[in-house]
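Before any questions on how it binds or moves, here is one chain, the form predicted alone, in structure tokens.
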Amino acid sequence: MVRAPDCLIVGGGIIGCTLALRLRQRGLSVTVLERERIGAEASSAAAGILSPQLEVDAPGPLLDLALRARTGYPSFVAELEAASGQSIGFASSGLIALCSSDAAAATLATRAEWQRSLGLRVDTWTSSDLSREEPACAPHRAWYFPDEMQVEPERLMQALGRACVQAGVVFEIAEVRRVVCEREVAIGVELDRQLRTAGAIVVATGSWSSQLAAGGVVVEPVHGQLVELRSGSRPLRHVVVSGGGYIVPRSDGRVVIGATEERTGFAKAVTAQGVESLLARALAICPALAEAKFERAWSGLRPFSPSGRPAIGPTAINRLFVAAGHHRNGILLAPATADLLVPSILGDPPEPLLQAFLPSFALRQDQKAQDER
């Protein structure tokens, strides 16, 4: 008879795998249940921008978590590269936000002001500054965020998977039907005609998390399409963002262009309209990409939380935990999410920041958002 693990994690994306690694490093036996391959959904579909300063709209707990994650990311990368023996495309490339209108400039100026008041670095660039630093870009006013970073998510997931296996994490391909509870205690999960028990259950299934953590979290899928081109030379040195779109340059001449935001339920598809809009946006930012070779296009589902924050922590069901709703920032927030959640699973005192991300808080905010619609 196989001994029940200390923790069953449902979901083999970056959130679930990073949590599994950290729990295993603390001595727990951990099994990850994933219905496809590791990182098959949003984790591998992402562009890999690590950008707390552009993604978070105001000071508060989410910014605190995101900045903590960014500070710790170089050591996380070094850990995974050492364990896997492979590069994961990490770069402290900085990020440029272009201003195509007075309204955009006003919004970025406000963002720069409050971020500078917190000691964060933001530089204001003229069109001449931009032309000097990124001559392939169309002339614009711009704001430069020098501390933003990027990583290649597919390589990251490969390295993370190897690090987990080396640490002793067990991976199984399995379709989880539901979490099984007795007297308000989670005792395991139901597979096809099979009950798998564990000391603790964590739901980390991205856009599908609401289906398993009933009453514990609200997560909605947001469809996004991306395109990859290849240029003979590296056309850009920085991540460039404009009008909700972005271009992420890789060191080998590839560029990732993203991303659409569509409410299509759980349907995923690459559409002609989506690709057309992405290419038009990219050429407006960097006209030189007109000569680049089309490599591929793909899509994924971002796990959106109406509360505006991920849900992290214990639910109302004893021994059932959730880590979901990270939207566009799962790659960035994964290590910090694991650091927040591990103490609760171990039964140690949680750190104060966790309070702002508890599923109970997210549910209250979700209901408030629905009431205001």
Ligand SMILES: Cc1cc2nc3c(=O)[nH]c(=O)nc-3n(C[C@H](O)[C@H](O)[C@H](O)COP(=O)(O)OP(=O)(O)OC[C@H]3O[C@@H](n4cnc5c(N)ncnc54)[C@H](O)[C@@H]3O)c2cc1C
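These figures come from a predicted structure and were not determined experimentally. A residue's number is simply how far along the shown sequence it sits, counting from 1.
The discussion below concerns the form predicted together with the named molecule, not included here.
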| query | finding |
| --- | --- |
| Sole residue of Ala259, Ala142, Leu80, Val202 within 4.5 Å of the named molecule in the predicted complex, by heavy atom | Ala259 |
| Answer option from Ser305, Asn329, Thr31, Gln53, heavy atom within 4.5 Å of the named molecule in the predicted complex | Asn329 |
| Listed range touching the named molecule, judged in the predicted complex by heavy atoms within 4.5 Å, from 331 to 339, 310 to 318, 22 to 30, 60 to 68 | 331 to 339 |
| Contact test in the predicted complex: Glu175 vs the named molecule, heavy atoms, 4.5 Å | yes |
| Contact label in the predicted complex: Gly16 to the named molecule, heavy atom within 4.5 Å | yes |
| 4.5 angstroms heavy atom contact with the named molecule in the predicted complex for Ile345 | no |
| Residue contact check: Leu212 to the named molecule in the predicted complex, 4.5 Å heavy atom | yes |
